[in-house]
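Given next, in structure tokens, is a single chain: the form predicted alone.
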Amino acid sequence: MRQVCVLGDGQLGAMLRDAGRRLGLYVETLDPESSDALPESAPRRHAIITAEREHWPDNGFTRNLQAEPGWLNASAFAALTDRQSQKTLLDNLQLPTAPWCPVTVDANLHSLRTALGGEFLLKRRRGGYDGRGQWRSESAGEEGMPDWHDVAIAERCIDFSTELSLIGARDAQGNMVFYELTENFHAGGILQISLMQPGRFARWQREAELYHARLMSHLQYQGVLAIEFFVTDAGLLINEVAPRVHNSGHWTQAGASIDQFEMHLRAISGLPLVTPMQPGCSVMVNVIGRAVDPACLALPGTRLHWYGKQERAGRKLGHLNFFHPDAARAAEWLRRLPLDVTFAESRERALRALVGPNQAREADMAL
């Protein structure tokens, strides 16, 4: 049995492990804090080595792991895990992204507004997720700007209609496959709901795939990679790139014949890479901060994935998936889902996308 080692032992690693069982692959997740040396067991020494995360501690264990011949995507991690090098790469490849600049030691509120032509967003170069490590300049005085000189980039605030993500995969021979574009709904910088409807964003699908393919080909990437896009009046702009399986692709566990976790393993292990069937509407809802309401499980379309984490405000504890060929039925399940009030806007937008504004408004009044 071929062995795959995954750097990281969170929920993404656990779902990769589950997918490995279906494929006859032994997938082992590795805690990056676990050891200062790579164990010498023969199977592990010949394993394919991938990652479920793009940031990890710099210690003897992770350095040794990255020196192994089975370590994949070294150039991708080097280029993409720092936002400054990621943006530089996108510019060099002529892939559209929001205007940006480094936050140098002499940068200030006025100089950054001038350079970027308006209000901007500070993003720390490394780390930061679910809205953390970000700061907006609107209505801020000079004294309110954080001292993130040389550790952040500044990016112009973009007027966009929605955010889409594209999950794609590439194997060692350069074969690529893509899922349908997915619409994402956030609150407070945290993804709450992802929605996929076949053909809904057909206008943008080919363009997004071309950008995705250009990036993966340049990096000689192997596995699943996610790109987030802003939809603007001028077209698509790349927001961020994640070299791994991604939260916005969790819907594939219910709504695609091959989910993103199996697709990643196929791509890195030499198994056939084929375009998955995606025959209907798929909705993914993150469970955030507190335990799931058992009433969720009374809905016939519910599939719950629980991560086994302790409750904490803003923490993703699991996710729910719905799939149905009929958008109205998927919308019905989403309407009936017992969600916290903080999900109200995201649910309303997702319902409008599924059944139109009038029915969504009626449903919102009934909740």
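Note that residue numbering begins at 1 and tracks the sequence as displayed. Just so it is clear, the structure is predicted and the values come from calculations on it, not from any experiment.
The same protein has a further form, the form predicted together with a small molecule, not shown here; the description that follows concerns it.
The stretch that touches the small molecule in the predicted bound form, counting heavy atoms within 4.5 Å, is 117-125, out of 192-200, 117-125, 218-226, 172-180. Taking a 4.5 Å heavy atom cutoff to the small molecule in the predicted bound form, the contact residue among R206, H110, R132, R290 is R132.
Just one of V151, L271, C157, M145 comes within 4.5 Å of the small molecule in the predicted bound form, counting any heavy atom, and that one is C157. Contact check for F77: every heavy atom lies farther than 4.5 Å from the small molecule in the predicted bound form. Contact check for R266: no non-hydrogen atom falls within 4.5 Å of the small molecule in the predicted bound form. Proximity of T275 to the small molecule in the predicted bound form: non-hydrogen atoms within 4.5 Å are absent; the residue sits far from the partner.
When contacts are judged by a 4.5 Å heavy atom cut-off, H186 counts as touching the small molecule in the predicted bound form.
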